[in-house]
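Quick heads-up: it's one chain on its own, the form predicted on its own, in structure tokens.
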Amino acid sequence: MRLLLLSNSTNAGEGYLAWPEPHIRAFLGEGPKRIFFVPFAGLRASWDEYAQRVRERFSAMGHALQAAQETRTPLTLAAEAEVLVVGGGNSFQLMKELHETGLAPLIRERVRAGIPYVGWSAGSNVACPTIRTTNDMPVVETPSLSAMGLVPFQINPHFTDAHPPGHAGETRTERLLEFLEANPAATVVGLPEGTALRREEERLSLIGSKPARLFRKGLAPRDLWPDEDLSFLLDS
């Protein structure tokens, strides 16, 4: 399997998909690709608007993009695409639509057969076994919290351990430790903004200049660095 799982699309003060563009280019390689885009996580803009924004960015990289809502036969379009891209937004909304359209099992099958997959934020969440480590509110009911299982561990995108002065609520670390209390066999990777995980078959590496954070039940959280071989996480 080939996966590029981004924590976020846009860093503060930068253009849309600016920071990951060189990594997307390197991941997709030379030559134009036919891309199938899933905009279903979007809520505050229409799916057409979302798709157009992403199309402009991928067009600048030399690729042609069609979106799921632009055809009456999204399963056929997804089955014929050379790259599958799933955008960020709300993970519950995204998972609901992936289940209801039948795209979830098709995408899973195609990626396991070797078709490249790019996701960011919610699009990275749904590559995990479940979406239960998302930061999103459950604004809709999804038939299941189970996701596509393209990696065997959980991702928490936009990971930060910041604790603003005067804020009495739990930090993200505390929330993830609660998750492990309820799911002691799970492994969670906290991906800070500006980082991504790249899977090339049975090799996994971290992209970016910041460490990610590894959470496992009974062990102190520890940092993961871009120069580490993270392939051990594929045995989680």
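All figures in this text were calculated on a predicted structure; none of them were measured in a lab. The first residue of the sequence shown is number 1, and the count goes up from there.
There is also a form predicted in complex with another copy of the chain; it is not shown, and the following applies to it.
Can you pick the one in Glu56, Glu200, Glu49, Glu178 that has a heavy atom within 4.5 Å of another copy of the chain in the model of the complex?
In short, Glu178.
Using a 4.5 Å cut on heavy atoms, which of Ala64, Leu43, Met61, Ala26 is close to another copy of the chain in the model of the complex?
The residue from Ala64, Leu43, Met61, Ala26 that makes the contact is Leu43.
Non-hydrogen atom within 4.5 Å of another copy of the chain in the model of the complex for each of Glu21, Glu82 and Ala113:
No.
Taking 4.5 angstroms as the cut-off for heavy atoms, does Glu170 touch another copy of the chain in the model of the complex?
Yes, Glu170 sits close enough to another copy of the chain in the model of the complex that at least one of its heavy atoms falls within 4.5 Å.
Considering non-hydrogen atoms and a 4.5 Å limit, does another copy of the chain approach Arg108 in the model of the complex?
It does not: once another copy of the chain is placed as it appears in the model of the complex, Arg108 has no heavy atom within 4.5 Å of it.
Evaluate Glu70 for contact with another copy of the chain in the model of the complex, applying a 4.5 angstroms cut-off between non-hydrogen atoms, and reply yes or no.
No - in the model of the complex, heavy atoms of Glu70 and another copy of the chain never come within 4.5 Å of each other.
Flag Gly102 as yes or no: does it have a non-hydrogen atom within 4.5 angstroms of any non-hydrogen atom of another copy of the chain in the model of the complex?
So Gly102 does not count as contacting another copy of the chain.
For the heavy atom contacts within 4.5 Å of another copy of the chain in the model of the complex, list the residues of 134 to 168 involved, in sequence order.
Contacts from 134 to 168: Thr134, Asn135, Asp136, Met137, Pro138, Val139, Val140, Glu141, Ser144, Leu145, Ser146, Asn156, His158, Thr160, Ala162, Pro164, Gly166, His167, Ala168.
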